[in-house]
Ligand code: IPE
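Presented below, as structure tokens, is a lone chain in the form predicted on its own.
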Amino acid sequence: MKNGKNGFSRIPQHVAIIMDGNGRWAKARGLERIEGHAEGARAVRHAVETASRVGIRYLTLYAFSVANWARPRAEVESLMRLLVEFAQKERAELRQNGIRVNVIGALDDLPTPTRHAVEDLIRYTAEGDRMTLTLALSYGGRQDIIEAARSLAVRARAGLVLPEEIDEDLFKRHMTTHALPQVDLLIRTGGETRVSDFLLFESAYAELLFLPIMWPEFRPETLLSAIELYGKKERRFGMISEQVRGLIPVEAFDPMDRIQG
């Protein structure tokens, strides 16, 4: 039932999208793969505009994974040029709409012109307070976890942190995603049903939606439908329905308690 903000019963705070299918969309039309990526850039605009309009606070897009470096050199170079074009063409509208750009992953891995363009975009939109648009660039969820573990290991060896002090919050502060909340809704286009090393730690309780359409076919109504489906889900986080609805109290169980027979 639509009865909340912008007509939705519940809006996810953080939506993450795996933008899959650009190459296959192009191939099916007898086009070069890079033409599919160019068309996919227009779908990015649809997603950003719609997310901002309905009140989503965080939108994270899987723009380029660590594994994508293994693609043909010409395709990688074209993708890097598209990133530069996006940074230059969209910067004014992003700032005007209060959208702050953030990056997760190894930004230093990018070619210098691309890295500079993205860094300029980050600085130019830094004051945005309506929505945070995060681009995952040279990103891998497992690698991010490994780097966080290494960082904590170094601090522990130096005596700056005790092993027993390491909890989920402390661990997260050492990841490139430290400024992002947990993912509420993860969408993947392209018909595949896997998360491909994307936000593994952050999506532990995310609702997963796999769509058969290719990314260039993504439209505003696609995201609106996904939000409507999300609103129908009961988010229990390990509890039972009665606890979520407030019918019975939430009481943490102490393992030290002993059940009396």
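Each residue number is its position in the shown sequence, starting from 1. Computed from a predicted structure; not experimentally measured.
Here the subject shifts to the form predicted in complex with this ligand, a form of this protein not shown in this document.
Taking the partner from elsewhere, no residue among A148, K172 and F201 has a non-hydrogen atom within 4.5 angstroms of this ligand in the predicted complex. The stretch in contact with this ligand in the predicted complex, judged by heavy atoms within 4.5 Å, is 190-198, chosen from 223-231, 190-198, 43-51, 205-213. In the predicted complex, R33 approaches this ligand with a heavy atom inside 4.5 Å. When this ligand is considered in the predicted complex, L79 lines it closely, a heavy atom lying within 4.5 Å. In the predicted complex, G21 approaches this ligand with a heavy atom inside 4.5 Å. Under a 4.5 angstroms non-hydrogen atom cutoff, this ligand in the predicted complex has F64 among its neighbouring residues. Site annotation in the predicted complex: the residue of E75, D120, E85, E165 reaching within 4.5 Å of this ligand with a heavy atom is E75.
Comment: this ligand is not present in this chain, but in the predicted complex one of R71, H178, K89, R142 has a heavy atom within 4.5 Å of it, namely R71.
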